[in-house]
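First, one chain by itself: the form predicted on its own, in structure tokens.
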């Protein structure tokens, strides 16, 4: 257990809105540094929304920093290569010069983060939604309860009520394309001969635009990202329109047959949110509340976790909380802004279909080590 963090003889206290990856990371990192932390999750339980997720070196270093890495590595997968196919012909195989990366189910990552938060002493409240916050450090719940804190963290997603109640200025836009994210059995035997342990990014532009990101999470589970333009009624249909997808990707028939059985599939268009500032007074925003981005570089969760972890480090080093929030944003925001811009450009232009697009600039955020504030690889 960390030593109690006191300033002026008082234990510092944080109220955190949102029990996703960024919220749990912030809660754990603060609690491990002696803060009293209460986390509010509006749902009846803590759970991950979605299917699979990629974490790169930056996110893996955060897990190491909060002592959750071993749990996540056990039950996740690093593919031998990231293969890109255009019209079913391989155009690139990327290994990122040994840069660590990992694929897992979102539930697997979320479970490991929740475990560390509880071990650190975080007070987790479910059925508890923060609907209003004030820069002075006050929050209000949907129940009408009011709390005061030395720090408020808005980690409550794209539709953040912490952010919107305070009135942070924002630009927000929605992309042409969207994804259906699914977890299905891997069916390696049924798929037959092939390098089915790879990530395979499959693009077709004729006779229609469809993409499948094939991502093995572990020995038994496969994450499928099915991309289609929003104006394609069959490509964006949920449950998936089996005939549409199998006509373009016939070699994936065994896993697409499993995907077609899933009634709870959801089609989500890519969203980007950019704010003028990430903090005001004693309130800081992390994750999608601050910087929702297109998934082209698979860095949305990683950047959110890095920024949440970095916030705790900054608060440990800078005595004044409001000054710490300003210096935190100045330190980490440029990396996230550049990642968000490249992700948006790649999504708008469908650039990943060309292959070999994980350039040095595209991998900048992935290479960042928030525990040492340096770049690796």
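Residue numbers count along the first chain shown, from 1. Computed from a predicted model, the values in this text were never measured in an experiment.
Keep in mind that the form predicted in complex with a small molecule is missing from the display, and what follows is about it.
A.B. asks: Does at least one non-hydrogen atom of residue 122 fall within 4.5 angstroms of the small molecule in the predicted complex?
C.D. replies: So residue 122 does not count as contacting the small molecule.
A.B. asks: If we define contact as a non-hydrogen atom of the residue within 4.5 angstroms of the partner, is residue 42 a contact of the small molecule in the predicted complex?
C.D. replies: Close contact exists here: in the predicted complex, residue 42 approaches the small molecule to within 4.5 Å, heavy atoms only.
A.B. asks: Classify residue 106 as contacting or not contacting the small molecule in the predicted complex by the rule of any non-hydrogen atom within 4.5 angstroms, answering yes or no.
C.D. replies: Taking the distances in the predicted complex, the answer for residue 106 is yes, it comes within 4.5 Å of the small molecule.
A.B. asks: With the partner left out here, check for me: in the predicted complex, does some heavy atom of residue 299 sit within 4.5 Å of the small molecule?
C.D. replies: Residue-level check for residue 299: yes, a contact with the small molecule.
A.B. asks: Quick one: from 280, 116, 161, 186, grab the residue that has a heavy atom within 4.5 Å of the small molecule in the predicted complex.
C.D. replies: Only one listed residue qualifies here, and that residue is 161.
A.B. asks: Check each of 137, 235, 295, 216 and return the one that places a heavy atom within 4.5 angstroms of the small molecule in the predicted complex.
C.D. replies: Flagged contact: 295.
A.B. asks: Looking at 244 to 252, 300 to 308, 272 to 280, 85 to 93, which lies within 4.5 angstroms of the small molecule in the predicted complex, counting heavy atoms?
C.D. replies: Of the stretches listed, the one contacting the partner is 300 to 308.
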